[in-house]
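Quick setup: one chain, the form predicted on its own, written in structure tokens, and binding and motion questions come after.
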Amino acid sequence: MISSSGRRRAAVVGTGAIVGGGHLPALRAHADRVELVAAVDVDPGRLDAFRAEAGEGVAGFSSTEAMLDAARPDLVLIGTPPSLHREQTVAALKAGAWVLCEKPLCLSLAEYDEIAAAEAASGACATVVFQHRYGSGAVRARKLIRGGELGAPLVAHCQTTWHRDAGYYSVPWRGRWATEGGGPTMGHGIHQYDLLLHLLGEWEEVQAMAARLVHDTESEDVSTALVRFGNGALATVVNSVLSPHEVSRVRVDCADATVEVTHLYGHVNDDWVYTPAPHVAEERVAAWREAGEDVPSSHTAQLGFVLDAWDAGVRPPGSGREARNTLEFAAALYKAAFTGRAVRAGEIGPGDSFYAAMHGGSGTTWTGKGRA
């Protein structure tokens, strides 16, 4: 219920770095519309430290269920390890709360469909955190591409080449199918290829490879894909945690211009570059480059979109079909990599081993540089 101040009541589940560094600043930036009333963490010390930072009036709980029963929040922001997302999201939805959950929203398409069923029963919505969609540069690029201002999309490149060492994977839940859902395909590159899908629309077919080349993990540490989109565009996607020179990049070559963004963990207007084709008049180029207000991609930007949708009585962006589409792309990439054949959109459903788990039921065995 909306509080006496007219603001929606919010709770956070998990009080680690992503909540303290991303969600808490977002809540503060939108303090005129939402107030933080509760926090959940199984670590008492971490919970106390977060509450001291968050301010007076934030109640502490050791379980999601106890918090939902006592605090009755309107919005639950989830920043726990991935294997907990489905259960916590479903519990919040059943309590009537909207959800904004860190990626991946869940570990499989089967789990996603459980969340969708809980949405349908409650009338509430679950949105996954894909903050790169919501910076002003991405909003403008999508409008130009989808509106045909840059000509037909033809070729695209999506690159997440990051570096993670053995210490990163010493955290018990990382690098394991049952707790993280996959490697950089699920946990790192998903931000960039979600942005690619957001810019280009429906994908039709994926061919892929995945390997564990360096790290002692169950899941892959690198994957690559070739993608055909419904509009005919072809794209490459690379997801890596093996790359000393870290960069995040999306580039789309259209008939009249190339648009690209290069950044690492977040972009601003100046990170977006438009390069016209030789035949394009300068006045068109000038219009493309009129960036307007600079809104960095961030949790703050995405939370604003969620609150705007709520106020308008519509489903928030990044939920429903959009959220499932990105997760289905991940499942298709894994299936294509592990079966050695192309996978088409819509083919992974109940009865398919990749519907229940990203590894397709036997993804923990690797032989040399590939999966057995």
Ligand SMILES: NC(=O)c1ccc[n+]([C@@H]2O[C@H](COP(=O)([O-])OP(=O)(O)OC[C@H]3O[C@@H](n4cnc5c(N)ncnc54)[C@H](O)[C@@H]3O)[C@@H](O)[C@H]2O)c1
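Residue numbers run from 1 along the displayed sequence. Everything numeric in this text was worked out from a predicted model, so none of it was measured.
This protein has a second form, the form predicted together with the named molecule, left out of what is shown; the following refers to that one.
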Please identify the residue among A337, A26, L36, V40 with any heavy atom within 4.5 Å of the named molecule in the predicted complex. V40
Looking at P73, G135, P184, G79, which has any heavy atom no more than 4.5 Å from the named molecule in the predicted complex? G79
At the 4.5 Å heavy atom threshold, is S297 in contact with the named molecule in the predicted complex? no
Can you work out whether T127 and the named molecule are in contact in the predicted complex, taking contact to mean some heavy atom pair no more than 4.5 Å apart? no
How about G361 - does it come within 4.5 Å of the named molecule in the predicted complex, if we only consider non-hydrogen atoms? no
Please run the contact check for A357 against the named molecule in the predicted complex: heavy atoms, 4.5 angstroms, yes or no? no
Where, among 273-281, 173-181, 115-123, 231-239, do residues come within 4.5 Å of the named molecule in the predicted complex by heavy atom distance? 173-181
